[in-house]
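Quick heads-up: it's one chain on its own, the form predicted alone, in structure tokens.
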Amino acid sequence: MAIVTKSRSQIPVSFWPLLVLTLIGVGLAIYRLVVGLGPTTNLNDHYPWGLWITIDLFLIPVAGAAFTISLISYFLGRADYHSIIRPAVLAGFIGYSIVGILLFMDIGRWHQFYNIFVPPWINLHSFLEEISLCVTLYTGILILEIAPVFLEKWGYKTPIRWIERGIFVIAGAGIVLSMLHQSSLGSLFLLMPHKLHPLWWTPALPLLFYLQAVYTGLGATAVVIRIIWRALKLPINRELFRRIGQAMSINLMLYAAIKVGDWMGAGEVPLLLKPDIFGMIAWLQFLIGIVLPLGILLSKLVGHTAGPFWAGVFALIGTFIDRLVISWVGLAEPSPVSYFPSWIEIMITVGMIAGGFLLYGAVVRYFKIFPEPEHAH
């Protein structure tokens, strides 16, 4: 594939603040591993899950850009999506890397993390075990998919040919693994019918989580690609953006139909009209994350790059609100103990995300992941 990325010798202004935040995050992460969860977090017996799990649950569907674009490109016959496979896979790899680091931060006995891979310790009845194995294996798949970007730069042609010959098997395995753990994340919360707020608990959670990963991944792709194409002054494929918007709209409509149908079938509409914080959040999520993106994508704006871009932004906001409630706010219990992240939790999170932006920018800047201008639309 003919590809090009414009390298510039001048270091961008954003590099230094991102580097500082990354170094602070790494330093505090090491401190947390040394002294433990107690002195560094505000987690407690009532709130064993906090900020890190919320960010993980949000980044996993955002990183779904990788499996979504691979599925459309390799197996649904959309050759024009080949031009954005590499940036989508790179976003997926960095997203899953941050997820892995934050999960590592959340483990009390982090030095025994390898137990999930030891056969005598594997619990085949645990959704968390299945999610852990799928995320780990899928991260390995993403490494194989993104490896040619670096191998080309360093001149290793033989491994590239091996990967290209097996790309359908590699991508297919990645798609299956991703679909499994995207839906299994929803299955995990099926175990909490008496703890999770009824506006968010439903037997359809696995399907809702999967559909959310698809449209969130497409939205993240539209946002990232538009920003980078404009920054590098590359030709913009408007038809490709329109198709991304159409694919997003289909999944958004399916998600909305299932969500509204569940509320009506379970008799939970009165909860939406109840003047409390959960009713307000449910309306906020639905209007910002579903109705607003659909309004943009079903209008003439879908033919402009700004349409799918802003639809993606609003979809990402809606997904974050949804995962925040499911993993944290919606699990709140009446108790004298409350939870708000410590400054160390916040700074580690900010540092890891800053490091992700730093790494993505460096790869886009100095490696070849986009089509040559003369071959692009």
Partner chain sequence: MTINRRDFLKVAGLAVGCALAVPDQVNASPSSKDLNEQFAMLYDATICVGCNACTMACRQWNGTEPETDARQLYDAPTELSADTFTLIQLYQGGNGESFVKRQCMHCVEPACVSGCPVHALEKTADGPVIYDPDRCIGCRYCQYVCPFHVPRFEWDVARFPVIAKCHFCYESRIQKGIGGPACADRCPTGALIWGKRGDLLAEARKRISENPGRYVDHIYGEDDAGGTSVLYLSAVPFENLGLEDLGTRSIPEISEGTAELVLPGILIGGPILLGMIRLTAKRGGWEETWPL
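Positions refer to the first chain, counted from 1. These numbers come from a predicted model, not from an experiment.
Here the subject shifts to the form predicted together with the partner chain, a form of this protein not shown in this document.
Colleague: Want to guess which of 109-117, 84-92, 294-302, 223-231 is within 4.5 Å of the partner chain in the predicted bound form, heavy atoms only?
Modeller: Going by heavy atoms within 4.5 Å, the stretch is 109-117.
Colleague: Counting only non-hydrogen atoms and a 4.5 angstroms cut-off, does F127 reach the partner chain in the predicted bound form?
Modeller: The answer is yes: F127 has a heavy atom within 4.5 Å of the partner chain.
Colleague: So, S327 and the partner chain: in the predicted bound form, are they within 4.5 Å at any heavy atom pair?
Modeller: Answer yes; at least one heavy atom of S327 falls within 4.5 Å of the partner chain in the predicted bound form.
Colleague: Is L37 close to the partner chain in the predicted bound form, meaning a heavy atom pair under 4.5 Å apart or at it?
Modeller: Heavy-atom contact with the partner chain at 4.5 Å: present for L37.
Colleague: I'd like to check something about G279: if you look in the predicted bound form, is any of its heavy atoms closer than or equal to 4.5 Å to a heavy atom of the partner chain?
Modeller: G279: no contact with the partner chain in the predicted bound form.
Colleague: Going by heavy atom distances of 4.5 angstroms or less, which of L254, I288, L151, L190 would be at the interface with the partner chain in the predicted bound form?
Modeller: Of the candidates L254, I288, L151, L190, L190 is the one lying within 4.5 Å of the partner chain in the predicted bound form.
Colleague: State the residue from V313, L331, I346, V26 whose non-hydrogen atoms include one within 4.5 Å of the partner chain in the predicted bound form.
Modeller: Filtering the options by heavy-atom distance leaves L331.
Colleague: Kindly confirm or deny that S338, G361 and V363 each have some heavy atom within 4.5 angstroms of the partner chain in the predicted bound form.
Modeller: Checked in the predicted bound form: no contact with the partner chain for any of the three.
Colleague: Heavy atom within 4.5 Å of the partner chain in the predicted bound form: which residues of 231-264 meet that condition, in order?
Modeller: Read in sequence order, the residues that approach the partner chain (within 4.5 Å, in the predicted bound form) are R243, Q246, A247, I250.
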